[in-house]
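The chain below stands alone, shown as structure tokens; this is the form predicted on its own.
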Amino acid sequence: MMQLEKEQTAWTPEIIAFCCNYCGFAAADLAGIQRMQYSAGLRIVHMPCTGKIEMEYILDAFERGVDGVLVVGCLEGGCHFMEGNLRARKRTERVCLILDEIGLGSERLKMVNVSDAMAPEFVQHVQEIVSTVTALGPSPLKPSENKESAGES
């Protein structure tokens, strides 16, 4: 029983962050340059613009067992591709509806807007989604180690 509790507290959620080139990725890069700390479970996918994120990309990440997804775009009205972040917001909202419908929960997906100089805000958004997903627990779609080892036999 004590071993199980240790394993549960040691769990780090796996989060994918789709970051636009000009603002989201630049803010993440600045956070790294400034040596700001955030979850080691975060993986950044560098995108030319959040407007290029298809709903299928987000759904595929969840299907592969990711615990949460963060979409990080330019500030509203400041997109380098005019309205890419607005398209991304609409797509993200649609995916949230799908996640609720299938029982995974829309809380596992979040879209935020930052500028390239907003490294502290980027880190705060990462901490918020990590906290939310940690409270929800691992994705029910995450392949278990038992399933993987059974497939190797």
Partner chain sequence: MIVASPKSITELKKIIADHKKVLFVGCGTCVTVCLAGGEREVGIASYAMRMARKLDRSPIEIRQVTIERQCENEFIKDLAGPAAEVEAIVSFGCGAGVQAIAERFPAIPVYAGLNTQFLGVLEEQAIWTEKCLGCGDCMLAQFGGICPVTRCAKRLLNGPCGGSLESRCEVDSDRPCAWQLIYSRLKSIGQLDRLEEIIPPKDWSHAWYCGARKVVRKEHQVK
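Just so you know, these numbers come straight off a predicted model, no measurement behind them. Residue numbers count along the first chain shown, from 1.
The discussion below concerns the form predicted together with the partner chain, not included here.
Segments offered: 25-33, 122-130, 62-70, 40-48. Contacting the partner chain in the predicted complex at heavy atom distances within 4.5 Å is 62-70. Interface residue remark: M111 is not counted as part of the site for the partner chain in the predicted complex, having no heavy atom within 4.5 Å. When the partner chain is considered in the predicted complex, M55 lines it closely, a heavy atom lying within 4.5 Å. Put simply, L141 is close to the partner chain in the predicted complex: some heavy atom of it is within 4.5 Å. For L104, a non-hydrogen atom is located within 4.5 Å of the partner chain in the predicted complex, even though that partner is not displayed.
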